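Quick setup: one chain, the form predicted alone, written in structure tokens, and binding and motion questions come after.
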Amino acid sequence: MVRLQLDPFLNELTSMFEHTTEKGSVWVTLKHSSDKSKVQRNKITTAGKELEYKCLVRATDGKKNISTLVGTKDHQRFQASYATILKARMTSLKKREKKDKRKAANVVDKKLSKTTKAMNVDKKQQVPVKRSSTANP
């Protein structure tokens, strides 16, 4: 996996999206990371120093893997650029079919009426038990 700086990472991510416009996918994952080993993290915390956490961003199209680390200072700029790339490249998504609200409400009403009718039928089918009025001496 190739670790890139922010701007080359965004350029490479754009080219990945361009290569997969007709066929393919791009997977992007974000992970909370300190970029230090466990031993180094333990030494830093025992020394009383504050550990700086970064965001590890990985992208792959199945053939090529790239990654970058985004610090707190560059977070806003990276997020704005990343959002712009996503908005520009997600044009091939299919639109969702919207369901008619009235039809959906009618289906729910029909289901409720069927269940209440079934409950009424069950109550009618129960036969009360008659007790004999004679007492045993």
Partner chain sequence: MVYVISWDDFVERSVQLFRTSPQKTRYVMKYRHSDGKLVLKVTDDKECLKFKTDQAQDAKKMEKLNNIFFTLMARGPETDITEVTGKEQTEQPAKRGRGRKQ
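Since we're looking at a predicted model, the values are computed, not measured. Positions refer to the first chain, counted from 1.
Omitted from view is the form predicted in complex with the partner chain, to which the following refers.
Val39, heavy atom within 4.5 angstroms of the partner chain in the predicted complex: Answer no; every heavy atom of Val39 is more than 4.5 Å from the partner chain in the predicted complex.
Does at least one non-hydrogen atom of Lys43 fall within 4.5 angstroms of the partner chain in the predicted complex? Lys43: no, not in contact with the partner chain in the predicted complex.
Might Met90 be said to contact the partner chain in the predicted complex, defining contact as any heavy atom within 4.5 Å? Output for Met90 is yes: heavy atoms within 4.5 Å of the partner chain.
Using heavy atoms and a 4.5 Å limit, would one call Ala47 a contact residue for the partner chain in the predicted complex? Because no heavy atom of Ala47 falls inside 4.5 Å of the partner chain in the predicted complex, the answer is no.
Within 4.5 Å of the partner chain in the predicted complex, counting any non-hydrogen atom, which residues from 10 to 32 show up? In sequence order, Phe17, Thr20, Thr21, Glu22, Lys23, Gly24, Ser25, Val26, Trp27, Val28, Thr29, Leu30, Lys31, His32 come within 4.5 Å of the partner.
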